[in-house]
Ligand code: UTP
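One chain comes next, on its own, written as structure tokens: the form predicted on its own.
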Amino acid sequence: MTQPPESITRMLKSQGQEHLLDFYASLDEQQQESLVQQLEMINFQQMQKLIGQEHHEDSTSTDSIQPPVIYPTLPEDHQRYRDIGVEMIRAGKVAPFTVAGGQGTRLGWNGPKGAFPATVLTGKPLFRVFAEQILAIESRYDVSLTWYIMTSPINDDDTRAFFTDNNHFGLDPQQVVFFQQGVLPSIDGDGRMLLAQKDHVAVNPDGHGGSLLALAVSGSLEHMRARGIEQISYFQVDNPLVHVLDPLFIGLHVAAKDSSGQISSKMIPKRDPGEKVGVLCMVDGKTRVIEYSDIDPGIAAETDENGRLRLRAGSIGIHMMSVEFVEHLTRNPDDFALPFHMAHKKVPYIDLDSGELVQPEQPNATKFEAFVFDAIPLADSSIVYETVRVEEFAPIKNASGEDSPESSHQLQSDRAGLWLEAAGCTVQRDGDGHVTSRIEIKASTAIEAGDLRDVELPESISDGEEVLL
């Protein structure tokens, strides 16, 4: 029987976590090596700080929350900002960054969420949707882009294999940089880390805010610097309508008078006070996101002089951020600038007495996660740019109902209908204004409405028709 390394034993004892080796003697050699490797990767100093922190509820008074300054969809001098963004893209100074650490479990999909078939007619996976946009942008601006993709330990191998099997969707494999999201151990009520298996500590992803830390730890920030990349276009994998690089948004981010060029955010007007999206606000002179559940329903329902919700700026997880700003936030990985939030969840664990796996019926553990929007108030200043829901937000999160493939397909067709109408085509709509046909527009055909001006289009599209352009 081999003994665990003395350094590991000492570390666990100093942290009060020596129970993680309770089953070590019963493991085979491979399992022992696996457990030791995992323990060596845990940042125990960081975990000691997290376990020792008190859980404070958000103390922000809702009376102090004010609407942010919002740049409209077509701001004054918008062509100048767009031209600035185009030049940034042409110069290779902007990179798309996709947060893709999730599985498609809620969708009933066995695999990385980015592999989920997302488009209306052809069922292209989300990764292909973004890749084809990148190819179209490269062709338009005569540039080679680098695409950064954050995976997670649970889907990294499958994601890489998916790209390989699909020939990287026409991209050079060297253009696609994968790196993994960090994980953190889950703890019980006594601050002890749980075992998910006798040879495996129970861990959870460190949240979308951890994507910034992962950029640093993986060496991706250095990779960006070496390639002259200055700005990062951040978006999440589940939204097939996102513009992976938006020239106008890029230009506003780097050149608007209210922007520090550190981090900027897109928003859409909330449908109603109860819509479950975070709200971009101003608190004490700083832009920040407050979760919808943390705002008093009465205040959330307040309207302005135009009859719109006073706090209407729904956050959709699309940001521009500078490489320099992310470097600043992650300069000391052991003291990450973003706070970690606590969430009480049900976490299966190995009972230390019986050695059996327990499936808890009630929340039994604390997980730690960081939120990317907590970076916003750390900037010198930050702007909010309004986009249109049908233009850029049709997430696929649930198997049915809101934010499902069905609702996303309708919004995708609605956007295609808008683009066609702008080009002079007649499109049938129902009483609620939704397009009644199924329309899909390939990125090679158009990545924005104006691209259809030079495309041969039908004069009209009838009810129930399927159209692929």
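Between two forms, the rigid core is defined as the largest C-alpha subset superposing within 1.5 Å. Since the structure is predicted, the reported quantities are computational estimates derived from the model, not experimental observations. Residue positions are given as counts along the sequence shown, with the first one as 1.
Although it is not shown, the form predicted in complex with the ligand is what the next lines describe.
Of the residues given (Pro273, Pro377, Gly92, Pro205), Pro205 alone sits with a heavy atom within 4.5 Å of the ligand in the model of the complex.
Checked against the ligand in the model of the complex, the residues His319, Lys113, Arg288, Arg128 give one hit for a heavy atom within 4.5 Å, which is Lys113.
Only one segment in the set 301-309, 98-106, 254-262, 320-328 has residues whose heavy atoms sit within 4.5 Å of the ligand in the model of the complex; it is 98-106. Residue contact check for His243: none of its heavy atoms lie within 4.5 Å of the ligand in the model of the complex. Although the partner is absent here, Lys397 sits close enough that one of its heavy atoms falls within 4.5 Å of the ligand in the model of the complex.
The closest heavy atom approach of Gln181 to the ligand in the model of the complex falls within 4.5 Å. Of the heavy atoms in Met150, some are within 4.5 Å of the ligand in the model of the complex. Once the rigid core is used as the reference frame, the Cα position of Leu107 differs between the shown form and the other one by 2 Å or more. Three angstroms is the minimum change: in the model of the complex, the CA atoms of Asn166 and Gln103 sit farther apart than in this structure, by 3 Å or more.
Put simply, Asp206 and Gly108 come closer in the model of the complex: their C-alpha atoms are 3 Å or more nearer than in the form shown.
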